[in-house]
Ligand code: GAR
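So this first bit is one chain, no partners, the form predicted on its own, shown in structure tokens.
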């Protein structure tokens, strides 16, 4: 440790336990980083108090109010400059293209309005890496492209409560337990245009016994999350992470390619 400190921005929606783990790791010099802002979509997010206690600037973009206002009068919505629905639709794989067109339009337009508000607040605090620490909103290509402003440069990191690619979505630990898995875990990955589908940076696992409950599985997982996230951020801070396209020969003239994270 002891290298140049990178600037981290964080987005939360709830209690902010992963945020606290990152704050603590910064204070203890376990990662070469400092947090320059904490933003949220939820005015009641308890994690805001953690940031304020650490003297970190905070802001709120109230997604629920923005979505409600749009629903009351969609025709009056002011979309952000540079937002192109056709471009977003071509890139995204968050939502099935078979979804009713008006629902797709409403989803991506409301999110773009909210995301522009997020971006305007974030722009007050220059940052090198954005970490999602329990941020419960899917990010659209509009937002992602604003952050990942150089080709191949990934700057949004997320932690997920399952061993991806298994069990994407909001209840990874619950899904793991209900499926009957004997091993659970957590994943840190870069964000791409899908849901929990971006290149994987790191994972940690734990055993699941016959006596485990959802609550005990969550406790085991959180303990590992608080280790894995700072470790992954430190690798980014050291410039050790790169995303490359890897081709896999499946035999019988079949092949597959995907983007993976290489750690030097």
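Because the structure is a prediction, the values reported are computed rather than measured. Positions refer to the first chain, counted from 1.
The protein also exists as the form predicted together with this ligand; that form is not presented, and the subsequent description refers to it.
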Do residue 142 and this ligand share at least one heavy atom pair within 4.5 Å in the predicted bound form? no
Is the gap between residue 9 and this ligand in the predicted bound form 4.5 Å or less for some heavy atom pair? no
Give a yes or no for residue 173: in the predicted bound form, does one of its heavy atoms lie within 4.5 Å of a heavy atom belonging to this ligand? yes
Contact flag, residue 131 vs this ligand in the predicted bound form, heavy atom cut 4.5 Å: no
All three of 74, 109 and 116 touching this ligand in the predicted bound form at 4.5 Å, heavy atom to heavy atom? no
Considering this ligand in the predicted bound form, find the one stretch among 131 to 139, 174 to 182, 117 to 125, 94 to 102 with heavy atoms no farther than 4.5 Å from it. 131 to 139
Within 4.5 Å, heavy atoms only, which of 67, 60, 222, 54 is in contact with this ligand in the predicted bound form? 222
